[in-house]
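Starting off, we have a lone chain in the form predicted on its own, written out as structure tokens.
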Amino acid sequence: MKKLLFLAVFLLTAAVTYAGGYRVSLQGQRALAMGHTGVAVVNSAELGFFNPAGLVYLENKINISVGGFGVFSDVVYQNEQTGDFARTDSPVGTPLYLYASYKVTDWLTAGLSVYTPYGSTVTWEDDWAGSHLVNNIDLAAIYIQPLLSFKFNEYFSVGGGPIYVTGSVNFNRNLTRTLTDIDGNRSNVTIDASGVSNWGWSASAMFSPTDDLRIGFNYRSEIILEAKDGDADFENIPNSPLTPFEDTQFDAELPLPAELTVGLSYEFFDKWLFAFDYNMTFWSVYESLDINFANPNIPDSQNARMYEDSSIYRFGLQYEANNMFTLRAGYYFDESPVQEGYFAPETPRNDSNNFTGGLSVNVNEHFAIDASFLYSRFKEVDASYDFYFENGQAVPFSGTYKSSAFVPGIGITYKL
């Protein structure tokens, strides 16, 4: 009973993994339940994302983990000086994952991972106060990664493989703060591109100096998604030679930053496992969101971002209550990559505390049901975006943002 009480207290003082920028840290039920730790935890095929080097230490010949999440997010904006108020009505996000591994020999394991580490779905009410920056955005990126894991000995292994990414984006904003057609409808533009792809890679290592202690390292490379000849749809444009907007194509690029994770896990009192991960996301690659229109009469859109590299500190705990139930809890603190003056409402995320929990139900020796939840509480922030320009003049957009997210998830683990 004392152990269960300890786990409950840890759960109540822990937090969620929904990372800064447009990073979505939802890559496995077991890992998320432990604060999204996993670089040094060997308990399922989720290692295909967290540390492929550990796949070779899984006991079974075949391991499969598959699952998904429902993301319920809420953002509130208010300008206390003007009284403007807005709340997002974003659809439920559904990130998915699939991991599989096959032990070829005692020293070699092959695997396949499919996951969605980057994305953003934010829907504000049309024509809200910040509609000249964004009305709605839907960004998605799917990673597909074949893997190999090599064991040099019982203490050390390496792993990794190439990454293929395919992504899409749909983004709408008003052209200015006031421009309308003759009927008073706000002039706006929607850009849309899909099937945008590129390649990257990952490399990892795992060191197990004792039976109870593991140390992990994982690196995933930067990938730049370059959208070529996407569709730009202009609507409600005034019939005037001063507003030469018409449907055309556009080019743009969006960086998916590199990520480094190091950490450890330690088993104690036979049934307990503690894990700690440190993540560094190299967000400084995201300097500007620029949209270049094919029609030379339409001015290109340049939007400074100037993100900074940011850190995440993750803590997780696992308790094997009995042969059927394994309980987990976790917490992480996620630093925002956004600098002062660059807070744009398409990714309204500040520093956050995140609390997680979950369990596995071992139905039999081959099959288990995994469940998790995450609650993210973002620090309330008075912020502004100072780099929107009209007629050559900077027009800052500022206010108070309050955000939170709740993410339940469920999956299955199969081993043979």
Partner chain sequence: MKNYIKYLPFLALGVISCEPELDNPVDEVGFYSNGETDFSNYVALGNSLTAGYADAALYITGQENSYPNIMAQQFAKVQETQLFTQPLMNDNAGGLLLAGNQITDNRRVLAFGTDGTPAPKIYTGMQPSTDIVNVLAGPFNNMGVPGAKIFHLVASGYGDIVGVDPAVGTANPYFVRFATSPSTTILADAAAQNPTFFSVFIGNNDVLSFATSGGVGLDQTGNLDPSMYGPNDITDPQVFAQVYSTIVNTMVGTGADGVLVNLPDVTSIPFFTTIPNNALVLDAATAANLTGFFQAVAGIFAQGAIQQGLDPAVAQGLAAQYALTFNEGPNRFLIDVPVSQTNPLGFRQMTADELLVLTIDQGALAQGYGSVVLSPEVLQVLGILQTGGQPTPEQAQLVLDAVSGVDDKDALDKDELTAISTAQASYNATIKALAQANGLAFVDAKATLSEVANGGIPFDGGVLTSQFVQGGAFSLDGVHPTPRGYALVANTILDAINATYNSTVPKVNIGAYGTVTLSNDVQ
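Because the structure is predicted, anything quoted here is derived from the model rather than measured. Positions refer to the first chain, counted from 1.
In what follows, reference is made to the form predicted in complex with its partner chain, a form of this protein that is not presented.
**Student:** Of the residues 85, 107, 278, 333, which one places a heavy atom within 4.5 Å of its partner chain in the predicted bound form?
**Tutor:** Exactly one residue meets the criterion: 85.
**Student:** Of 72, 207, 313, 201, which residue is found within 4.5 angstroms of its partner chain in the predicted bound form when only non-hydrogen atoms are counted?
**Tutor:** After the contact test, the surviving option is 72.
**Student:** Is there a heavy atom of residue 351 no more than 4.5 Å from a heavy atom of its partner chain in the predicted bound form?
**Tutor:** No - in the predicted bound form, heavy atoms of residue 351 and its partner chain never come within 4.5 Å of each other.
**Student:** Look up in the predicted bound form whether residue 271 has a non-hydrogen atom within 4.5 angstroms of its partner chain, and give yes or no.
**Tutor:** No.
**Student:** Any of the heavy atoms of residue 299 lying within 4.5 Å of its partner chain in the predicted bound form?
**Tutor:** Answer no; every heavy atom of residue 299 is more than 4.5 Å from its partner chain in the predicted bound form.
**Student:** With heavy atoms only and a cut-off of 4.5 Å, decide whether residue 228 touches its partner chain in the predicted bound form.
**Tutor:** Residue-level check for residue 228: no, no contact with its partner chain.
**Student:** Have a look at 239 to 247, 282 to 290, 258 to 266, 192 to 200 and name the one stretch with heavy atoms inside 4.5 Å of its partner chain in the predicted bound form.
**Tutor:** Answer to the contact question: 239 to 247.
**Student:** Judged by heavy atom distances of 4.5 Å or less, which residues of 319 to 344 approach its partner chain in the predicted bound form?
**Tutor:** Residue within 4.5 Å: 325, and no other.
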